[in-house]
Every structure is written in structure tokens, then in C-alpha cells.
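Only one chain comes next, encoded as C-alpha cells, the form predicted alone.
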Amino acid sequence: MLVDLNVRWPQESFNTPVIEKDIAELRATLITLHNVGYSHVVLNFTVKQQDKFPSDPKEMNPMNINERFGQLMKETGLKIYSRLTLIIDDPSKGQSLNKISQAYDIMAALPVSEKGLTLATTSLDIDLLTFDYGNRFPTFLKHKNICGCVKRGVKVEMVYGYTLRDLSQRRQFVQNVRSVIRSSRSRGLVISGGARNSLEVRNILGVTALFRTLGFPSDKCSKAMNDTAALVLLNGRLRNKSYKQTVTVGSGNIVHDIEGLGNDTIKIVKRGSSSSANIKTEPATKKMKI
């Protein structure tokens, strides 16, 4: 199972509608991802935090995945999800994420200032932390901030699509990825493509070879595109359909609702609904060495 958490949605803001030409190109990118082995793909819609969001909840997510890509998912078996990435510059101009997060499967933050990075790594309710790897980071990444973010359950994303563009972005990508690996101690990292078209799609072998030269071990590369990325999806679904990821109301199974996630990364124990009279209890014994 391969997961790509970042496939660019061809829309700049809520006010600019998407055209059919861009949708056709996006569909070709999704087919290419399926051909190289990806099974779960996330469409990434990037907006600024201070932008005005629609007041109608139905217009909060303009992707309409089931209508636009429902036939593609049935034919290929590809699972497509939605993601909203907020560009955070000045935290004082931000908006509440409670209503926004209910419309997307994953919430991510892209800080472009030191204050934005502090907010994203400490108190912002997100599933993923990402950066603009084509430009210089807003501040020096510290081990305390990044690892504190990982301990909260927020994963850090590395996007290899910047290496397939111009030379300046490629050079800056190498420096930024090494900074992320150093500050995170290679913990809680996920690898995404950020593909804008089908030519920027790479399989797991090419991605592993790239990040291995940057100091990221090969075994962790495969894990960053499989188990760790799957946990980001699972965390986002539990955030929307459960209370503090503990209690859920309804008849659906949150884990199997993702259809494929959780089989290898988590263990589920089902308890029967038999009455207490049919349950046999045995006293537990504990041996201690003196």
C-alpha cells in the first residue's frame, strides 16, 4: 500500500472556479499514480489562513470527489481523499478551524513566518505540518519545536516535487530537507509528491533513492510512504468522526471506512455483546521476583 498525501488541487482560492481542462489533467495524474502503485491519494487545496471562507458548509469543500472521480475510483480501486493546507503568516489574522476541518479529511499547515511556525508546532489542531521546500525556511528549525510537534501526533511532510522543477528550487530543497531530517531526528516524517501533472509522479524506488542520498534511511523511506502516511489519514478521520479519538457515535467502523488503512498499523480487538451472565472471569495472578 502506497499513500500520497499531496496531489495539487488546481484552484488558487475559493473565489476562482476550477476549469475542466485542469480537472482532465488532474485525472491523468491520478491514473499515473495508480499505475506506479499508489492506492490512496489525497487532493491538496492550498489557501491563505486570512482568506474569507464560504459561509455555506456545502461550499466549504469545492472538490466534489464522488461526482468528479467516482467512476475513476470504481474502475481502478483508487481511494481519493481531500486535504486543506493553510498558509500561516500572521496568527492574529487567522480564523477558527472548527468548521473548516469538518469538510476535509486532512488539515495541514504551511507556516511562512516564525510566528506561524510557533503556532503550527504548539497549539494548532492539524494533522500534518508542511513547508515550502522551494524557498528558504522562515526560521531555523529547532529540535524542541519539531519533535514537540511530532509528540502531539502531528507528522511532518517532505515534498519531493520541488526537485523536478527549476534548479534554484532543487538546490533549496536539498538544504531544507536536511534541516527537517536533522531537527526531527528522522521521526514522524512522511514523503509526498506534490505533483502538478503526471510528469512529476515517481514510484517508491525513485523516491527512496533520492532521500537516501539526503541522509534518510531506506527503511524509513518506505515507512514514510506507507504506515506513517496511513496514520495521518486515520488521524484525520478520527478527528472528524469521534470525540477526542476515543468515543464515536453511529454504526460505522471508522477504521474500515478508509478501506485498507489500519490492517498493518493498528490492532483492533472486537468485544462481543453477550450478557454478563455468559462471561466467565478468572482471577489474574501476577508473579514477582524478589
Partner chain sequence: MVRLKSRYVLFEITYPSQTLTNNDCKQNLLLLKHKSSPKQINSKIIMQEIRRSLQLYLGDYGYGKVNSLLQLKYFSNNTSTGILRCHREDIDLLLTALFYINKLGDNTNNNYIGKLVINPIKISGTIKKMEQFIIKRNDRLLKNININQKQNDTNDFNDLNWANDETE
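Numbering follows the first chain given and starts at 1. None of the values given here were measured: they were computed from a predicted structure.
Only in words, not in the display: the form predicted together with the partner chain, which the text now covers.
- In the predicted bound form, no residue of the candidate spot (16, 85 and 178) has a heavy atom lying within 4.5 Å of the partner chain.
- For the chain shown alone, residue 75 is a contact residue for the partner chain in the predicted bound form, at least one non-hydrogen atom being within 4.5 angstroms.
- None of the heavy atoms of residue 168 is located within 4.5 Å of the partner chain in the predicted bound form.
- By the criterion of a heavy atom within 4.5 Å, residue 12 is excluded from the residues contacting the partner chain in the predicted bound form.
- The partner chain in the predicted bound form is not approached by residue 220, whose heavy atoms all lie more than 4.5 angstroms from it.
- With the partner removed from view, the residue among 101, 172, 163, 183 that has a non-hydrogen atom within 4.5 Å of the partner chain in the predicted bound form turns out to be 163.
- Checking 212, 144, 152, 93 against the partner chain in the predicted bound form, a heavy atom within 4.5 Å turns up for just one residue: 212.
- Picking from 104-112, 127-135, 144-152, 200-208 the stretch near the partner chain in the predicted bound form, with a 4.5 Å limit on heavy atoms, gives 200-208.
- Of all the residues from 26-53, those having a non-hydrogen atom no more than 4.5 Å from the partner chain in the predicted bound form are 27, 28, 31, 32, 35, 36.
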